[in-house]
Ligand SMILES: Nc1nc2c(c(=O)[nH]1)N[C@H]1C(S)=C(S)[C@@H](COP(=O)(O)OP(=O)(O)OC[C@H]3O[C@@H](n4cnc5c(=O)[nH]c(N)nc54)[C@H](O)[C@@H]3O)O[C@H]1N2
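To begin, one chain is listed below as structure tokens, in the form predicted alone.
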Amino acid sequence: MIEKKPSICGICPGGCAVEVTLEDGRLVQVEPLKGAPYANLCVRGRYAPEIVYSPHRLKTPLIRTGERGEGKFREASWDEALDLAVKKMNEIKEKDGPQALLSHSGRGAFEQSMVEFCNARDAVANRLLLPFGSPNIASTGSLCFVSFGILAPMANFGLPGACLAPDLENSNLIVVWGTNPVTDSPPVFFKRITRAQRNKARVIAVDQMRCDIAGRADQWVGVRSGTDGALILGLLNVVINEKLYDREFVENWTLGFAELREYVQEFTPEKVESITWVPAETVTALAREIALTEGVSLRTYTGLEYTNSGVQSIRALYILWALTGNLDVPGGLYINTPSAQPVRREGFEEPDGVLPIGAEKYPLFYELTRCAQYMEFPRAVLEGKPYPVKGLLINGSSTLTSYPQPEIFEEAYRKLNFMMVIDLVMTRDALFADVVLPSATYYEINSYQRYPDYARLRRRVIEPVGQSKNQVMIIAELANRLGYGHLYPQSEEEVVEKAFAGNPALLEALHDSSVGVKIPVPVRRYEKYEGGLLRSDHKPGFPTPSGKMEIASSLMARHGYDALPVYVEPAEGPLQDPELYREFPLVLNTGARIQSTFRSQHLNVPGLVKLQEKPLALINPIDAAERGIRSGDRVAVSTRRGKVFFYADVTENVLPGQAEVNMGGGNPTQVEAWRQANVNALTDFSNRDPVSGFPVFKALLCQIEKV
């Protein structure tokens, strides 16, 4: 029997509206649902049946029988697996204290009910261990989004990054900086930008490579990877020296302008050209265009995070937009007022008396996220600093394909007394676990999806494959056995009821609708800082200690960091380390997303792998010719940390002297070419942004040779 029904895409957390086709109760096709909001299905969603029924899906709980990393397990019941996990957790607690247990959550914890019921202040770290007594909750926020989404905007504006959004529909100029919206999940911004471009908005892309959006833009500004901060300060140099800034805003609403004016004097267009490889005349022209165009919006994301001055570079970019009169004005960078948390979170107070690992080394990161910095996890396990960590819970995260120098983390995993993994497939992390628990895909659970202007219920399309379970229910069952299950909803029905408890009329409308409900959006009000709409005391200004936009950040200064958005040259670069540059003469950038994957996911799915069967190292034709390399050649990419094999893509989309290398390889269920190509064997565990603790993924040095 063929059956069609509306649903929500279950491949990424974007929640695109789709229509699914079932044949005898089996999912066989997924298509965008016409006419429904957010019907922005990315390419991955079309391969949902392959993902849901993949032979690599975990279908039953597993208990390790061999050595850690060996991959030998036996099947177990849920009760046996959960009882063993709780027994081991309590043993560690009794012997070494609850702080000796740490959790790490990733992309698999992005589902909205997980975010709202199970996760903590950074929206990704699972808070299961807080009532247990451990402050050590960590997440992929240890190397993603937090710099862009929390640290930098809070230091400037006292607002999280989620409150800053481009007013694309009213823009005359759109600057896309360090991101490629076509690979977003879902690609909502990509569609909005291309629509605005058709309506005569000019688009400029600033990126280290000519990515998809740069190829579509009216202008591509190619920059040496890791030097965006210097380019931004050069733009500020022109804007300030030519008096192109918004004087009224500067005089009334900023703190530290005089200090910034003095600091940027050294970043002349000519000096910036020598650092960034962007021609001096381009620096001057870009600064003037941003300052003199009415309604300039900014779309940026996490591309600037992974350098030695990542947080400061993002701060500088936001400051540039504010000083040029493009903050909270029509067509500019709009400020959304913070919305209240829709789900009440009671009983999850942080344990007293002990800080999470990384809190002392990265105090701003800790203050604003209240999470452990996972980059410090190996030190806690291998050296017992600041105190020993003996157990680890990983939820929906492939740390060994995302963190630098994975062999360091593997060494730490081998030393643990207990490790548990919850996931869809057998990741490399799971090979080291004592207990592996199978989670269900979004198509196999009942939940919900809400946006500022739209909400809908996520109704189960098929029964869970094997014995896989809804992750929220897995966490709730663990909490039950640990003695605090009352803090969690105990059924999928209760999840939905509690999620909309504050709006029963909306919940009733959602139950009656198959395509969702539109939610009224307040009329846009600009320059809200003037009307007291940003502060809790309703006074004019920003929710910062000074009440102003802090160019010189008191929050940064309080933790010992530079108050100004100071640029730091990449520690591993042609200017900072000329001797190393002679041995490794290409600037290495890693981590740019490709259309067929979601981080390291889906490289075991035949239909998606066909879109790019092999991991690529992109190299400019000039550099390729010097090395006798042609497209398709197998090449060795090496740094002073190691060597990994990729396949060459000779393209002018990469600047001469640079290389772009795909990430995501390294998991055991992937096809062989990807499985053998974990780019993070080339990256550096110790090279980090001192503010966030983020690893430097986009400003290293490498050599590429034909095999």
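On a predicted model such as this, the values are computed, not experimentally measured, just so you know. Numbering starts at 1 and runs along the sequence shown.
The discussion below concerns the form predicted in complex with the ligand, not included here.
Picking from 539-547, 394-402, 503-511, 233-241 the stretch near the ligand in the predicted bound form, with a 4.5 Å limit on heavy atoms, gives 394-402.
Using a 4.5 angstroms threshold between heavy atoms, Arg107 counts as touching the ligand in the predicted bound form. Using a 4.5 angstroms limit between non-hydrogen atoms, Lys271 is distant from the ligand in the predicted bound form. In the predicted bound form, the ligand lies farther than 4.5 Å from every heavy atom of Ser147. The closest non-hydrogen atom of Asp184 lies within 4.5 Å of the ligand in the predicted bound form.
Checking Val389, Val296, Ala316, Leu304 for any heavy atom within 4.5 Å of the ligand in the predicted bound form turns up a single hit: Leu304. A heavy atom within 4.5 Å of the ligand in the predicted bound form is found for exactly one of Arg460, Arg216, Lys528, Arg593: Arg593. Not one of Pro98, Leu129 and Glu376 places a heavy atom within 4.5 Å of the ligand in the predicted bound form.
Along 685-705, a non-hydrogen atom within 4.5 Å of the ligand in the predicted bound form is carried by Phe697, Lys698, in order along the sequence.
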